[in-house]
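Have a look below at one chain only, the form predicted alone, in structure tokens format.
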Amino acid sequence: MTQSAITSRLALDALDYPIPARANRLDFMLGALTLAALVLLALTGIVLTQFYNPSPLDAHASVQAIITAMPLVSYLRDVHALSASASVVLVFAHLSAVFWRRGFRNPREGLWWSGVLLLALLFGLLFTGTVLRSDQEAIEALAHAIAGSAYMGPLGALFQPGFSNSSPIIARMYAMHVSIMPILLAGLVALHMWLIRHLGVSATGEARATFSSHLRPMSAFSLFVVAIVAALALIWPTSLLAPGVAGFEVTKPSWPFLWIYAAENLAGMPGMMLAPVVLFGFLAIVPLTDREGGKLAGATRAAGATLLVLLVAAIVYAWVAPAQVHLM
């Protein structure tokens, strides 16, 4: 079968629609690189489900067995963890780039909000993935979630151990991690791609290119991201602490949550609850406050830059500060 025959049967010529030539720059490909990391995350996660046991008594032992007796699966676990971190970094970089060039303005507000929800879901996946290890960090993370959910009343019931008498909380976290959140994530990605196709990217300029020409550098950069994650997985294995013991607080969370940990260090449980509200609340109102010709456009940009500096400073502070006890 000739190349033209394959193209016609798969409708690949539909990829030749015009886009701004400026979209071939790397800063306009961060969303596609995020998708590459998410695909890697999903594929390795599918493999890991075949070897993980979500039973409260066996969860930690099953992870330990993967690490000690299954070298290839253990490597895929490391790739899984690092692709999750890469996804968070890339989504945040993508949102930062869109924020800077004001690519959230009419008619692209939906693109922005779907990206913000994607970031929130990734944090949810990181949290539930941490809990599934059932080591000391996992037990402490779950204890913080239970304590925080108590402040939320009925909205936090899902994170309370007594929500279901027939299903332990770790099994419910597993269900959220492998089914509920991935389904929501896939739906958000599909919506985001649909909006991009029909609203276009926010790149400006008269020069035009085709999307098919955009695919070549985008694919090359995506393979580079996969290669970086695969290489880091070889030299930076994901740790597993001893089985968790409730009532002790001796660890820090993984780096994506350190800014929340810093807020908890400074203001206790209210700080832990307020920090995500401030970040995601600000991201949610950006398209409403930064409108073309609006009076709050400059203030929104200044607030975003300030929030980014505070976020980085909080992560660095929490990284170097001694571990603290919050729930005792």
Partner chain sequence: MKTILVLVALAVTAVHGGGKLKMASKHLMVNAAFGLTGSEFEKKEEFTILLIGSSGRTKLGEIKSDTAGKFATTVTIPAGTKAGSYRLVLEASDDDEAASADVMVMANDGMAVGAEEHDTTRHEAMDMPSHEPLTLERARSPLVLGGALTTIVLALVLGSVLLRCNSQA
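Values in this document were obtained by computation on a predicted structure and should not be read as measured data. Numbering follows the first chain given and starts at 1.
Heads up, the form predicted together with its partner chain isn't pictured, but that's what we're talking about next.
**Student:** Of the options 74, 85, 149, 202, which one has a non-hydrogen atom that comes within 4.5 Å of its partner chain in the model of the complex?
**Tutor:** Result of the distance check: 74.
**Student:** Could you tell me which one of 180, 157, 190, 250 places a heavy atom within 4.5 Å of its partner chain in the model of the complex?
**Tutor:** If I apply the 4.5 Å criterion carefully, the residue I get is 250.
**Student:** Answer yes if any heavy atom of residue 109 is within 4.5 Å of a heavy atom of its partner chain in the model of the complex; otherwise answer no.
**Tutor:** Contact check for residue 109: no, nothing within 4.5 Å of its partner chain in the model of the complex.
**Student:** Hey, in the model of the complex, does residue 69 get a heavy atom within 4.5 angstroms of its partner chain?
**Tutor:** Residue 69: yes, in contact with its partner chain in the model of the complex.
**Student:** With the partner left out here, check for me: in the model of the complex, does some heavy atom of residue 240 sit within 4.5 Å of its partner chain?
**Tutor:** Contact with its partner chain, yes.
**Student:** Test of understanding: in the model of the complex, would residue 216 fall inside 4.5 Å of its partner chain by heavy atoms?
**Tutor:** Heavy-atom contact with its partner chain at 4.5 Å: present for residue 216.
**Student:** Hey, with its partner chain in the model of the complex, do 64, 227 and 245 all fall inside the 4.5 Å heavy atom range?
**Tutor:** Yes, all three are in contact.
**Student:** 98 to 106, 216 to 224, 118 to 126, 253 to 261: which one contacts its partner chain in the model of the complex at 4.5 Å, heavy atom to heavy atom?
**Tutor:** The contacting stretch here is 216 to 224.
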